[in-house]
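A lone chain, given as structure tokens: the form predicted on its own.
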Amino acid sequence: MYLTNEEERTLDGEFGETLRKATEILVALGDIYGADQLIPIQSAQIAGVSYKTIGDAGLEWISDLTGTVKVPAILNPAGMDLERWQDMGISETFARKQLEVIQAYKDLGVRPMCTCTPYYLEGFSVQYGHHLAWSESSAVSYANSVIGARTNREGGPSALAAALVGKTANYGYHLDENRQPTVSVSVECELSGSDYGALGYLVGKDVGNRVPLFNMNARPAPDDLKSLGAAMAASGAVALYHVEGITPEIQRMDAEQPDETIVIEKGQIDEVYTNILGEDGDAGTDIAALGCPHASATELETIADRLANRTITKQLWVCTSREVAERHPDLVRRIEESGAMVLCDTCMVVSPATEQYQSMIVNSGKAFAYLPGMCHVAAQMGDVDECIRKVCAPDED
């Protein structure tokens, strides 16, 4: 792997221990995956934020670093709403540790916006062809597939290392040859809303880490593509996909139809909704959660409309980024008038608050895949209307 003179000096420790460690991580990854060099990146999105997942060891590692990131960098969702953590039932001990994690990242110049949808943030522009170092699986999928940027699915340490150095190793999805479709998916039914998450849940399990090319009659909106990619990344390891006639890169590349084709029919989609994952699958529904990945303004408006004149009697969480919520206070107000709670900075998958419940209904294929294993909570899929119906007053069913 070729290193410039400055990169070699950085690896030798001339510019401090933090940059030496960061460069060492990037070079090690480059050596493992056969990279030829380090390349500049436009931004970083860093996982390893929830204290639930990184614990004291992760906090100590981050706190030992010094310096400032060289590119715009933001964070993955934390384990709690950084302002309303008490409303979620988060303990003071956890909250203190979580805030220490956020401060450690802030000390490195990382912007303390905790979201899995960084492409919604103002001043965090991502464009076609940009090279990135992003961590969160759904964000990686959206950047690669819907925007046409280029990033591997980085681990938290490697994304932070890339942010500190301003570069990443040139391998994987940064290279043209690895972005070609390798399996075709023929969707033989109409789709809407949460169906895209159900589709992604099914396809991810079949294709693993390959690059699927979808052929479908529907014309998915960006939010639909977000749900599709998020679910495939959770049930499989899909970091890049194409949709014929929709996503930008497939329309520019000279790609052949792959030899293998997977066919998805309506009955398979319907079966996802009837499945309940987890040991307490017959325990009823304790809580509904929407916004995984974080809800866009369009999704918040849909939820607000569906909640009009309804009363929530159990729990309904709507997760979004703080910036989106602050830009749309009227939508937040309309949602919370029903008794639902709009949560920022966090999500149902990475927060210990989820573990208070036995059974959760979600409209997200990603959450559906993750909840039983990561949170020990039974999970059921439903569209927005079904999720609301499960937690609203009985006479409003």
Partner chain sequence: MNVSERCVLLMRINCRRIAGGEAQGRILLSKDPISFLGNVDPDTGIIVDPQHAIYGECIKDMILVFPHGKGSTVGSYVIYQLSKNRVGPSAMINIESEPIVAVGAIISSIPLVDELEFDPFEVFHNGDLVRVDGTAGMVEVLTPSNSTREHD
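Just so it is clear, the structure is predicted and the values come from calculations on it, not from any experiment. Numbering follows the first chain given and starts at 1.
Omitted here: the form predicted in complex with the partner chain. The next part is about that form.
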### Query
Using a 4.5 Å heavy atom cut-off, are G48, A57 and D64 all in contact with the partner chain in the predicted complex?
yes
### Summary
With a 4.5 Å heavy atom cut-off to the partner chain in the predicted complex, the contacting stretch among 213-221, 150-158, 247-255, 188-196 is 150-158
### Summary
The one option of T68, Q358, T53, Q37 with any heavy atom within 4.5 Å of the partner chain in the predicted complex is T53
### Message
Within 4.5 Å, heavy atoms only, which of H376, K21, R9, R389 is in contact with the partner chain in the predicted complex?
### Response
K21
### Task
Would you check, heavy atoms only and a 4.5 Å threshold, whether V384 touches the partner chain in the predicted complex?
no
#### Entry: Exercise: L29 in contact with the partner chain in the predicted complex, heavy atom 4.5 Å
yes
